[in-house]
Each structure stands twice: as C-alpha cells, then as structure tokens.
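A single chain, nothing else alongside it, follows as structure tokens in the form predicted on its own.
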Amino acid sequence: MEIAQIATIAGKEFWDRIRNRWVLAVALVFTAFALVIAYFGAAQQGSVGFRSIDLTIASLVSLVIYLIPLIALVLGFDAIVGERERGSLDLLLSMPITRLELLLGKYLGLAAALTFSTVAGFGLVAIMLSPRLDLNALYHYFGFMLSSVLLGCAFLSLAVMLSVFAADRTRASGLAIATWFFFVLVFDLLLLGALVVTGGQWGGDALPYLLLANPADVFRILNIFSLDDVRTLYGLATVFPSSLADPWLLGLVMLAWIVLPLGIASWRFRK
C-alpha cells in the first residue's frame, strides 16, 4: 500500500470540495446555528444571550445529532458508485493504484473536508465566545468539537460502505437516507418501545450496551455525561452506568464505528 497514492486521491477529493464551495457552505451553516443556539437558546425561558457552556453544548448536541450524520451521508453516498456510473472507476483502476488505496484516498479526502468545515464552523464560535469562557469551559467545548468530527467520520464511513454495496446512485441515496432515519430517529424509539411494552422487564440491564450500537447515542453520551447539571436533566445518571461513560472508552467505540464499516467496504470492493 503506497501512502503517496492515497494522499494524491485524498488531496483531489479535498480540493474538489474546496473549489465547489461545499466546505464554506457547511462551515457557515455550523457557525450560524451555533451562534443562534448560544445566544437565543434560552429565549423560551424569557432571556436572551449567552448563559453557560453546559446548556450551549447540550443544545448543540441535539442539533449535531440531526445535522452532521445527514451531511456525512450525503457527502459520501456516491464516493464509489458515482465513479462507477460515470465510467471513471475503470480508468482510475487502470492506473498504478490498488482498490484499497482508492477507497482510503476517497474516504480520507472526504473526511478532511468534513473535518475542516466542522472545526471551522464551531471553532469560529469558540473564538467569539472565548472572552466569556474559562479554561474548563473551553476544554468541554473543544471536546464537543472533537466528538462532532468523530461522529461525522463514523457516518461518512457508513456512507462509503453503502456506496460500495449499492448498484447505482439512486439506490445508494435511498440507503443513505434510510440509514439516517434508522440511527437518528428509529433506533432509540425501538429501544424505548421495547422497554414500555415489556414494562422494563426486557432490555433494562442491557440498555446501556445497546446504546453503544448507535454512533449517535455514543456521541450524545460522550458529551452529556461529562456535564453534571445536564446529565441530571437528561436522566443519564440513572440509565447509563459511570463505568461505561469513560471518555476514552466511548472514543474507542466511535473509532470502531469508523474502522469497521471501512473494513467491510474494503472487503467488498476487492471482490
């Protein structure tokens, strides 16, 4: 495996996103939403203006869970199948490059674009709010930014996997939207429904472990559990054991959500 080949493909993907203003558009969306939430998130309580980093992060977590997975899936669903439909995949593979190098280059380039836009968007808000934040608040906010990047990379990995398996772009887009609905909307409803129907007799003890099967839930727990007031508000202190809430452990789970879909995509793409 040649690192230079991977870097060439990744660089092309990244600069393609820069040239078509995709990165700028996403960064501006993140900046606008973050500023609105930071300053107007408490408007329903009758107050306007920045109140605390804990409440800001809690509100941003809810936004990110809906927005970043959708952006990542839309960004990567045609990474491979799009090249196949355009007829450029055979041309790329005729060059001195392996399928694995092509797949990794595509993924890393798209991940770099998504990471850049996420950090630029939320980082600009951190700069604006920095006069009102102490070191501990900045630490939590940068942890939120890092976990947002990991969440995006996890769903981008799922998108690339779907792109490898899909027969055409139409099916790939349908699978991407279905994946977003399942992990963001349906998964938690299924767990809650099972608990309600069985009166809490099924899945209660296994619930914390089942939540790890959803990268969106891992992201939520990773951010909310470290904020004492918000953790109590969300009720996670009674549902999720502190032994599983270690940031390093949850970070490894997020990395697994990045690596495993890519591994499956690599296995499929080589066939």
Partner chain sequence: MANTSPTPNDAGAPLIVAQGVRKHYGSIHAVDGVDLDIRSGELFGLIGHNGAGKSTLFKMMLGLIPATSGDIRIDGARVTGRDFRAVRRTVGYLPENVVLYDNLTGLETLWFFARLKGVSPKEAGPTLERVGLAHAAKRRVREYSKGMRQRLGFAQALLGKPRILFLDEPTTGLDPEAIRGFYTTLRQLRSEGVTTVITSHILAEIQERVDRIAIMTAGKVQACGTVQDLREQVDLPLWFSVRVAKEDFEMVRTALSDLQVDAIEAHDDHVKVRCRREAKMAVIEALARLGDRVHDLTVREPSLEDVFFGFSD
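Source: prediction; values computed, not measured. Numbering follows the first chain given and starts at 1.
We do not show the form predicted in complex with the partner chain, though everything after this point is about it.
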item	value
Region of this chain that lies against the partner chain in the predicted bound form, out of 155-163, 186-194, 96-104, 169-177 [heavy atom, 4.5 Å]	96-104
Close approach of residue 250 to the partner chain in the predicted bound form, 4.5 Å, heavy atom	no
Non-hydrogen atom contact residue 90 with the partner chain in the predicted bound form at 4.5 angstroms	yes
Interface membership of residue 5, the partner chain in the predicted bound form, 4.5 Å heavy atom rule	yes
Contact of residue 23 with the partner chain in the predicted bound form (heavy atom, 4.5 Å)	no
54, 132 and 134 all contacting the partner chain in the predicted bound form, non-hydrogen atom within 4.5 Å	no
Residues of stretch 6-35 in contact with the partner chain in the predicted bound form (4.5 Å, non-hydrogen atom)	8, 9, 12, 16, 19
